[in-house]
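Okay, here we've got a single chain as structure tokens, the form predicted alone, with questions on binding and movement later.
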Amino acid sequence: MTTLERILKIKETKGAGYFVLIDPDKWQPDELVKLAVQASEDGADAILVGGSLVLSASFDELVKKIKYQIEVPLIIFPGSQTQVSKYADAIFFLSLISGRNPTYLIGEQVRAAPAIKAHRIEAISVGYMLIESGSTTSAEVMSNTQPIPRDKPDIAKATAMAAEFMGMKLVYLEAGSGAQRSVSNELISGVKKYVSIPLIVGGGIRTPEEARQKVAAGASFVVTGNVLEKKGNNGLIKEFAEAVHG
């Protein structure tokens, strides 16, 4: 079974899936591995690893350390073509379709493709959409693009439809790391009505109740990252998992 099939099966059996995103730049290596193991044990359905920069010396070694200690899929969430590792189960092959910067629409993808092929990493095509969140995010700065305004749902709907028509397997609605506001429930439900492929929603989701609302609005998968760094993990991962699955 492919990784994509595994996560789609999670959606089918649990109603929605919960992913934990780990940015290597925000954790010491040992802490990073510990968080991944804890997330796997506490109900996360997949671990995403990556970030806008990733200044860590060996991305490959970090992925390797995580891979052999968790039971759930390990998926790379790349900020650039340098974030590729043969130890990952899969990589989200992102195209930043909310922006018009060719580097992140196709340029980084062309550079990364040979390494992904050589390492036989499963590539899952994802239409990546930045949604305005009330603050300038790292993804916005690094990609040199503007997010889709949160009060312009028609643009988001049309962009998501284009992703599906282009053959992408998933659409990722991203408020961004450190977002002041998460992607609105109204925008999620609006996009959901126009596409049949699953929606991933992340950025600015701070409570399990908020995560549950994203699922009710139409999210197939919910991603959290920063909130686990700021509040600690005493039961929080499990609470998020239960809220998403419930």
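Everything numeric in this text was worked out from a predicted model, so none of it was measured. So that there is no doubt, residue numbering starts at 1 and follows the sequence shown.
The following text describes the form predicted together with a small molecule, which does not appear among the structures shown.
Participant: When the small molecule is placed as it is in the predicted complex, are Leu21, Gly203 and Thr224 each within 4.5 Å of it, taking any non-hydrogen atom of the residue?
Facilitator: Contact check passed for all of Leu21, Gly203 and Thr224.
Participant: Any chance Pro73 has a heavy atom within 4.5 Å of the small molecule in the predicted complex?
Facilitator: Because no heavy atom of Pro73 falls inside 4.5 Å of the small molecule in the predicted complex, the answer is no.
Participant: Do Ser177 and the small molecule come within 4.5 Å of each other in the predicted complex, heavy atoms counted?
Facilitator: Answer yes; at least one heavy atom of Ser177 falls within 4.5 Å of the small molecule in the predicted complex.
Participant: Using the partner position in the predicted complex, report whether Tyr172 sits within 4.5 Å of the small molecule, counting heavy atoms only.
Facilitator: Result yes; Tyr172 sits at the interface with the small molecule in the predicted complex.
Participant: Quick one: does Phe77 come within 4.5 Å of the small molecule in the predicted complex, counting heavy atoms only?
Facilitator: Yes - in the predicted complex, heavy atoms of Phe77 and the small molecule come within 4.5 Å of each other.
Participant: Go through 29-37, 195-203, 208-216, 62-70 and give me the stretch that gets within 4.5 Å of the small molecule in the predicted complex, heavy atoms only.
Facilitator: So the stretch in question is 195-203.
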